[in-house]
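Only one chain is included here, represented as C-alpha cells and corresponding to the form predicted on its own.
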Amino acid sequence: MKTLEIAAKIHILDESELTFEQKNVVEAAKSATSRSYSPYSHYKVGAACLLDNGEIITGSNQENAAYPSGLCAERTAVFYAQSRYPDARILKLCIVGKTASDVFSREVCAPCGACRQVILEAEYRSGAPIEILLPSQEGIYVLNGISTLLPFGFTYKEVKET
C-alpha cells in the first residue's frame, strides 16, 4: 500500500499586515454582503475579485426558492469578471460571510466544491494561481491558489483528453 500525504500552506495575517490591494479587495467583499439575496439561509456572502487591469468586481450570493437554482457569491463575481473583462486575469479573490444577525462570521467562509472548481478553471484560463483571502476572527487566511483547497481538481485539459 502507498500513502499520499497532502499538506496545505496557509498564511494567517493580521489586518495590519495586509497590502493596500488586499485591504481593498477585503473591504469590497465585505461591502458586497449588503447586496446578498438570502431569505432562506439568512447567511450573506460577499466576494470580490481584483483584476490585473485594476478593476474590482464584486458578487453576492443569490438564493432562489427553487433550490439549488441560486448562485454563490464567488461564482457570481468570477463569472461577472470573466464576462466583463475576458482578457483580464483575476489576481485576488476575497470571500466573506455574515450571519443572520448581520455580524461577520467568526470562521472563514470557504468556497463550496462547485466554486472551488470554477476558481480552478479561472486559474487554468489565466495560467496563474489566484490569491484567495478568507477573513475570520483569527485573521485573514491567505492561500496561494485554489489547489490548497482542491488538490485533485480537473481542468479543460483532462476533460478534453477523455
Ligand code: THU
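Note that this is a predicted model, so its numbers are computed, not measured. The first residue of the sequence shown is number 1, and the count goes up from there.
This next part talks about the form predicted in complex with the ligand, which is not shown.
- The contact residue chosen from 51, 28, 118, 110 relative to the ligand in the predicted complex is 110, the criterion being a non-hydrogen atom within 4.5 angstroms.
- Taking the partner from the other structure, the ligand in the predicted complex has no heavy atom within 4.5 Å of any heavy atom of residue 34.
- Proximity of residue 122 to the ligand in the predicted complex falls outside the 4.5 Å heavy atom cutoff.
- Although the partner is absent from this view, residue 63 contacts the ligand in the predicted complex, with a non-hydrogen atom inside 4.5 angstroms.
- Under a 4.5 angstroms non-hydrogen atom cutoff, the ligand in the predicted complex has residue 43 among its neighbouring residues.
- Shown without its partner, the chain has 61, 63, 72, 73, 74 in segment 60-77 as residues with a non-hydrogen atom within 4.5 angstroms of the ligand in the predicted complex.
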